[in-house]
Ligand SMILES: Cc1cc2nc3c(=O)[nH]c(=O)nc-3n(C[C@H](O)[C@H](O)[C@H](O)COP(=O)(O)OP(=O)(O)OC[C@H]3O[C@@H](n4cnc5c(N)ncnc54)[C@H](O)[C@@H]3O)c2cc1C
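Shown here is one chain on its own, the form predicted on its own, set out as structure tokens.
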Amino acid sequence: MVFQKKFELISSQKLSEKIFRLGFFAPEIVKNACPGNFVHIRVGDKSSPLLRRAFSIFDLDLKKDCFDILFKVVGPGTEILSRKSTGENLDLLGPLGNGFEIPKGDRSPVLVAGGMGIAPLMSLAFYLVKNQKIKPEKISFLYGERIKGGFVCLEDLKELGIKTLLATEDGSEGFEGMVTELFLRKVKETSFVKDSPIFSCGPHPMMKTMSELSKKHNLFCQLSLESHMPCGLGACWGCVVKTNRDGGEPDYKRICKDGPIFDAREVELD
């Protein structure tokens, strides 16, 4: 079920200069959400910005009926959202989209995040440990940023007990290079990746690379795709992605309605 109403902002944290974590008391959304879902938020009460902004659900607290989002200030909409105060009520639409497909059995999940792509993957990580009761040491979390100071949520991963491998483009922390390069090294060095469910989210070029690697090595990998979503409900067809699973005629799917989770071997990213 999808709900549209005003929900109370109950927490606001500034994690870095431009990254914020907001929490909402939203029982209806929490009870119907799953990892991979997102919400559409109207950030202002005026006509500008006119369109809602889409944010992945970062964490769900079923006991307290609240959920968090994580975002980076990149424009006027997110700038307005960053200035919201606790106690305010914001117009939310959600939960929207599909969720990650969690394979059954004794598997060792691999999560690959780049930049703000950590948001939906943290939701999945919390779920795997707390709800699926997967032992944290069986989960591998590969996380890439440009520089050492760009990482967020490392304490959350530490508290969960998940193995975390870091990559920085400048080599200031962990592996020097892109997180996709670190992932490819793991694919070549070990066999566990090929037998593991893989989940990934990050910038568009990273998603293109993960898609290509998944096709080349025939990996079970799910991508959480990001896009500007004018309506969030699939009506406007403003957030399409080309798909082609069987080598036939390409098809177009809506990231907001048919996704945002897609099989990496299915999408064709330009």
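If you're wondering where the values come from, they're calculated on a predicted model, not measured in any experiment. Each residue number is its position in the shown sequence, starting from 1.
There is another form of this protein, the form predicted in complex with this ligand, and it is not shown here; the text below is about that form.
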Original post:
Which single stretch, out of 24 to 32, 66 to 74, 205 to 213, 241 to 249, brings residue heavy atoms within 4.5 Å of this ligand in the model of the complex?
Top reply: 66 to 74
Subject >> 4.5 Å heavy atom contact with this ligand in the model of the complex for all of Phe55, Met116 and His228 >> reply: yes
**OP:** Go through Thr78, Thr164, Ser196, Thr168 and name the one with a heavy atom inside 4.5 Å of this ligand in the model of the complex.
**Re:** Thr78
Subject >> Residues in 15 to 41 close to this ligand in the model of the complex, defined by a heavy atom within 4.5 Å, in order >> reply: Phe38
